[in-house]
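Next up: just one chain, as structure tokens, the form predicted on its own.
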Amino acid sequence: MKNFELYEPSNVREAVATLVKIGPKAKVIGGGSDLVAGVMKDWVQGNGMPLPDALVDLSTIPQLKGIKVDKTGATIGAMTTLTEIVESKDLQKQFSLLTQAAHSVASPLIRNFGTLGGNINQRPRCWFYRGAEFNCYKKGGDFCYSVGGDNRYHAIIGGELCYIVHPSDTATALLALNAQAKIAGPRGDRTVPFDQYFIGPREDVLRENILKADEVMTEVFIPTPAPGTKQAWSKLKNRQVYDFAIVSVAAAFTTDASGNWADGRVVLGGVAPVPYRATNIENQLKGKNVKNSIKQAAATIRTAARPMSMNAYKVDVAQTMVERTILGALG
């Protein structure tokens, strides 16, 4: 592993000041399961992403930890561990979609030190990107090796240049829950809805989110769901422990007294470079009886899909999982 300087700020202002002082060669760290045990250990680097010379450890900042639930919603510190989220009775009661998604991440050991902020902002898991010998677009190179290579787990929606899939289960759930992130930087604090938080390769192939080099995510806020909101999570993976989603589905929606779709969100993970909000499915369901319309609505995922040579099976899987997840939410 490459040597690095470690900084342990006591508050957010100090962390931001450290990032400003050191510049782009510094990176923030949460639990470290991805950056230290993954990117840096495996020497994942390229022209567009040099390994950091310094790490700023956010786990030393008390204000970034904890869960607060009130009548307006839930506020979760970015350094709150996934285990703390899973075990929170308040979150289980009102935001079961998030607790289920967090519980599906990796293994209990990883969840014990993996943080919400780290899970949301982790780098992609494409094996060409993670392979030291592939200088791909995502690392600042001039080629995507998945186009002609083994692309069985790659994106079927929204690729171009780079066909990564976003690896975060919690991000998929939070987008379905209409959450927003609070970000601190030298220019002050700002709040960004998760609808606007993620960046695909069409916009900037070197980045996955809007965080600047001198900014940190401090917390996530989830508004209280409307009364009667139905929530459901499902995830297909190769192994039951320590595996990323082949396809995942997060759904949060309301129905009227007749069982018609009133409002809601359907978000898929494992299919696109960002958590994919399936507005085409939502629009097909709006105002219609969910049980009678879900099969036809789920099939509209095919209009957005552009599978590659080895991953067309994901289209079938996604369609089936959307249908099953929403019917499951109805009970």
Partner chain sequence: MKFPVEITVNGVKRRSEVEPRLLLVHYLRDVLEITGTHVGCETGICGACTVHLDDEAVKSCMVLAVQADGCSVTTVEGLASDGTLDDVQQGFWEEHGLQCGYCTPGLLMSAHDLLRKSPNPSAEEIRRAINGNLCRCTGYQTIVHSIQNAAQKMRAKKPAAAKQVQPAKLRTSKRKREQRRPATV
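Numbering follows the first chain given and starts at 1. The shown structure was predicted, so the numbers you read here are calculated from the model rather than taken from an experiment.
One more form of this protein exists, namely the form predicted in complex with its partner chain; it is left out here, but the text below deals with it.
Enquirer: Mind telling me which stretch in 270-278, 44-52, 296-304, 57-65 gets its heavy atoms within 4.5 Å of its partner chain in the predicted bound form?
Expert: Careful reading of the contacts points to 57-65.
Enquirer: Please tell me whether the candidate spot formed by F4, S107 and V241 is one where all three residues come within 4.5 Å of its partner chain in the predicted bound form (heavy atoms).
Expert: Answer is yes for this spot.
Enquirer: Looking at E215, E219, E84, E208, which has any heavy atom no more than 4.5 Å from its partner chain in the predicted bound form?
Expert: For this set of options, the contacting one is E84.
Enquirer: In the predicted bound form, is there a heavy atom of its partner chain that lies within 4.5 Å of any heavy atom of V36, even though the partner is absent here?
Expert: Result yes; V36 sits at the interface with its partner chain in the predicted bound form.
Enquirer: Taking the shortest heavy atom distance, is S10 within 4.5 Å of its partner chain in the predicted bound form?
Expert: So S10 counts as contacting its partner chain.
Enquirer: Does any part of N112 reach within 4.5 Å of its partner chain in the predicted bound form? Heavy atoms only, please.
Expert: Contact with its partner chain, yes.
Enquirer: Would T320 count as a contact of its partner chain in the predicted bound form, using a 4.5 angstroms cut-off between non-hydrogen atoms?
Expert: Taking the distances in the predicted bound form, the answer for T320 is no, it never comes within 4.5 Å of its partner chain.
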